[in-house]
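For this one, two forms of the same chain are given in structure tokens, first as structure 1 and then as structure 2.
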Structure 1
């Protein structure tokens, strides 16, 4: 654990990012956007108090990507190394889902595996939370324990810098050789801040009926036949925004078409399980013809399927779906109703 003075943050990040494509946060009112840049720009880029609008997954699992052809794979292999600064725990933790599905489940998706290898993640502790944040309810916390390469905790006492992976440690040694070890005051300031923000977001979640140890799996599994899914589905307009905004959703479609030169081209593009035809088979049979069944399916996948196959929820509490939903369906309300009904 190292100490970085606030005044040196800009220099530090410029050096850290040198030679890589940079993804950083830009402030926009009370929101942040994840933007691409050539270099770290202290005038424009910030560490951010909480996660940005765009999910981190989009950097390593883009909304649309050419796959299935030697030229496409060569392009992925030749892509620039990149670094993302300011990732928050919900987003970093969500990559466990993508790692499991795309990289660890054989056969591996080489496009994802390459992007993961080429992307360094510099995470930082949340210093505030959005109104919709509920990470404690899914067993997470507003700071990264593992999954990024370097973590920064910006406190009033300075910035605590910690390597969380071997390549993070290597980069720190090379890019910032002179950083002194963190002193006790800095460590204490970080712990106090983590406790404060943790408490803040815990209270927010609890005020919506989502307690830290709530059994969401039991709640969802026990309510498949309950009318609550019909009630919420009444407001769903099948826009798919929840899936696209989500930090964990991984479903996609292989879409065949032609490129600008008329050659066959295959895209791997994000898909949405709320779309009517997601599970439709030829001839018209559809196990989830009803919207309520599709809404239930989304929660079943997140809170029942993934606990079964991976031992964790496919939800990290970022609240993006609640903010994105055209029908103003709030995941916290859905989970609360399921908890009450189960």
Structure 2
């Protein structure tokens, strides 16, 4: 662990980002947006107090991309390395879901695997939280333990810099050889800040009936036939915003057509399990015609299926779905009802 004076942050990040496509956070009122830039700009970019509107998955698993043609993969292989600065734990942890589905489960997705390989992640501790955040309720915390390359913890005593991967350690050795080791005061300041923000998020989650040790898998699995899904489904307009904003959702569809030059082309784009035709098969049958069944399926996959196959929830408590929902369905309310009903 190393110590970085706040006054040197701009120079430090400009050095890390040099020669790479940069994705950083810009502040817009009480929100942050993940934007692309040619370089780190201290006048424009910030580390961010909490996660941005846009999920990190969009950088390694784009909403729409051309696939299938050898030229498409060759183009991706020739692209410059990218670096994202300011990623928060909910987004970094969510990549574990995408890795399992798209890289570790055969057949591996070459586009995703390449994007992950070519993307460096500089994460940052949360120093505050949005009202919708509930990461402790799903076993997470507002700081990164693993999954990024370098983590920054900004405190009143300075910034604690920590390499979390071999690639991150190599990058720090080359880009910041003069940084001194972090002292006990800085480590204590980081730990105190983590405890403060963690308690803030725990209290907010608990105020909505979600405690850290709640068995969400048992709750969701035990309410499949409960009327709560019909009740919440009445407000769902099937817009798919919850899926598209979610940091862990990974479903997609393939669309075949032709390029502008008339050559055959295939596009991959994000899909939503709330859409009526999501589960429809080629013969026309649809096992989830009812909206309530589709809503339950979304929660069943996140809170029952993934604990079974990966030992963790496919939800990191970012709260983006609650903010994006046109019908004002709040995932915290749904989980609280499931806990009460189970």
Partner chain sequence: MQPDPYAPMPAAIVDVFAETPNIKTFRLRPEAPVPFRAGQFVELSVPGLGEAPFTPSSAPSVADTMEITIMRVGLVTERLHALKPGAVVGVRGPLGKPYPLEAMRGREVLVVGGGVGLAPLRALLFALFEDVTAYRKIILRYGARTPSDLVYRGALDDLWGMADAVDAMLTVDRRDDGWTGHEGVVTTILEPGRLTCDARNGVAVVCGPPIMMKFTTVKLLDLGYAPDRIYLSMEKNMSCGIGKCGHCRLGAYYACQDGPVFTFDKVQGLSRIWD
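For clarity, a rigid core is taken as the largest C-alpha set superposing within 1.5 Å between two forms. From a predicted model like this one, the values you see are computed outputs, not experimental measurements. Shifts are known only where both forms have a C-alpha. Residue numbers count along the first chain shown, from 1.
- Only structure 1 is derived from the form predicted together with the partner chain.
- When the two forms are overlaid on the core, a lone consecutive residue run of 3+ whose CA positions all differ by 2 Å or more between structures 1 and 2 maps to 282 to 284.
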